[in-house]
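One chain is shown next in structure tokens, namely the form predicted alone.
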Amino acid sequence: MNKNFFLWLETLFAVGSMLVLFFVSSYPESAWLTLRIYILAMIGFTLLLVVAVRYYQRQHSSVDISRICEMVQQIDVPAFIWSNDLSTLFTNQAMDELLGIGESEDPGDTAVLLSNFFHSIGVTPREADEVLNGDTFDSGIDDGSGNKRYISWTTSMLKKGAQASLYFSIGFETTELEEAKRSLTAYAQGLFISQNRYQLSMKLSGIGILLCESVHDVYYVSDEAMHFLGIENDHITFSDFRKKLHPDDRFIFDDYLNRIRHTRPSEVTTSYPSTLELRIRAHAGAPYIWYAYHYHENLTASNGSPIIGGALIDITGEKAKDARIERLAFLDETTEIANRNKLMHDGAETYRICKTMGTCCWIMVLDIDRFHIVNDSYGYETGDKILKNFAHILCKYTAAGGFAARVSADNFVLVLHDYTDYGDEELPGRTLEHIRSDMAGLTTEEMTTLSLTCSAGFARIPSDGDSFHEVLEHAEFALAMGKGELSYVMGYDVNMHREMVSQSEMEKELAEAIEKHHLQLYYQPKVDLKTKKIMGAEALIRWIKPDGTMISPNVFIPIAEKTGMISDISRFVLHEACEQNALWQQMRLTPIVMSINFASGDFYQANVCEVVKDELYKVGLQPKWLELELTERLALGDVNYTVQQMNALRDMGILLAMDDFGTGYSSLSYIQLLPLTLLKLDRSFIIEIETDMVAQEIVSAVIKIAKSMHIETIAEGVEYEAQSEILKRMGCDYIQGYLYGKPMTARDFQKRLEINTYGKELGT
């Protein structure tokens, strides 16, 4: 019995004795002394008993950890003592074996060992005490040899402390029980097949059963599965079942059916079930619910036909727990769509399915054109908003199957499922047109001067590579082929790689040429038709190798644009041409206008005006002696932004010319929008101007319109005096061509300037 019972009994007796002692009026004289001594002795004994009991309880109220550790060591099942601050750990031999610690081996850091163990059983260290204490916790642990041991853990608190509490956990092996459950499940499935249309399996509650022989396309379903699927009949066709799946999961289901139908039971050695995770919607408008679909690949009917089917289990709760972890690992924080990790994970599975089933998908790599201008001009907050809205646009086109991901700053990937028999070659281009149309709505009030567009490269799975990673690279190569161009789209061609391989050596040589200053400027005279004097020069880049070989700009400029080296070349041309012009003016030679060509990537920089202004200041050249030549394609790629940039340059006093006018897709009406000072008539009109009346009419009309707008004109490619005379009669202001000089070195051009200024070369 409880010690406290006797203690209270003694106390009650002592109190009763005192009452007798003090309230009884008289005792026999002979008994008075004896009774008094007895009562006082009992009171003293009671007090001593109280003190002894309290002392005993106080001495044994704290846990004797050493004794418990000795007892734990004798247990032949895994057991350990631990603290919730991970600072204490005592394990027995069975637990050491489970943790993989040898007898003479140092277990290492206690916190790390405990943390790794808790993670292995699916519990975070921070919540271990809350999850394990007072409850039975089942877990599966890999024993290191590929087998899984199932253990049921029971945990109790030994001591509660202000800073940390001490717990005792003991595990009981349930592996045999799990195997028995599996055997029972296999046996039950055998019963499902043997009964009339699987009547026994239909009665299971909580688990939806789907079963059929592979020769049919109809699932027989249990009552629970009917509830999951939102149907009233006990059967559903594969086609109708597929319609209830999320579009992204239909591809997986198709692969499952294909694999099951073509798998002979004898080929499968494992008896463990496989699992698909599918999102199913019971009714239109209802939310999708996550289910785990457990199935075996080696079930057979009595006639030897493979059995298709398995169990549906609602895993919505489990998926919700995993959502936060998956969000951190697989979701892009800014756009809230998949990141590169998720892309590579799902892409590899998509490639496998396409390869197995003989179907195809398209990978589109998209780049928002000139996105750096948005960040530079309107701020990163606006830029992030544009990225998020663009991501939502892409997701709209995955409704029929596929997924979208953000892989870098303004680069996105769109994977589209192609359900046509032979592949819809126009699907990527058609989708891109829709995306560009949707992008028109992304601009804000403060971005009225900038039109948002995107470019894309695409490739096909699986024909354009031996893996998803390789197909993705090929799509990126296709996008890179149009680097610097706006609204560009290109599909992958196997010849791309061959071309890139042949160009790789030239890319290295070009980079070396830029570094070692093997690039050189040549200057071609521009002549005033009235005075026959040189009024300007066009600076033309040349690459001269150390052995004297000259590489044409038509060869290396496209390479420079694709590799990004064009910016270095543009800075070199700007500096060299301005410095040379300033030097000639310092020599008192006739001032001329120096014309340079601007690459599109440089022109669309937000700080292009500052770059030009700084260079002019460094060399001491006035802006009126610099002319920037823009092509039609560059100038009209984004008219609103072009006008903004050109007005800023004109406000500085810099001259602006449109090169090769008439060869592009512009109309004469565009020159009303652009603040041009000069139109360059393309040589294709000049070559036939002596004999072709149509060419004469076109050139004459352009000159007249330009004059009416106070824009000067210059004809390039003039080689004969007769051409010069015709142009003069038409009112053309300047000419450029072999008639007055080919492109020449700075030294040779200087001699021409000396004659232009003094009528002779200096020093002669």
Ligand code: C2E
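Heads up: residue numbers just count along the shown sequence, starting at 1. Bear in mind that the values here come from a model prediction, so they are computed numbers and not experimental data.
There is also a form predicted together with the ligand; it is not shown, and the following applies to it.
Judged by heavy atoms within 4.5 Å of the ligand in the model of the complex, the contact stretch among the candidates 578-586, 540-548, 286-294, 150-158 is 540-548. Taken together, the three residues 573, 599 and 718 all come within 4.5 Å of the ligand in the model of the complex, as judged by their closest heavy atom. Of the heavy atoms in residue 487, none are within 4.5 Å of the ligand in the model of the complex. Although the partner is absent here, residue 524 sits close enough that one of its heavy atoms falls within 4.5 Å of the ligand in the model of the complex. Contact annotation: residue 418 falls outside 4.5 Å of the ligand in the model of the complex, judged by heavy atom distances. In the model of the complex, the ligand sits within 4.5 Å of a heavy atom of residue 659. Checking 552, 408, 233, 531 against the ligand in the model of the complex, a heavy atom within 4.5 Å turns up for just one residue: 552. For the residues 557, 99, 519, 89, the 4.5 Å heavy atom test against the ligand in the model of the complex is passed only by 557.
In the model of the complex, just one residue of 674-709 lies within 4.5 Å of the ligand by at least one heavy atom: 683.
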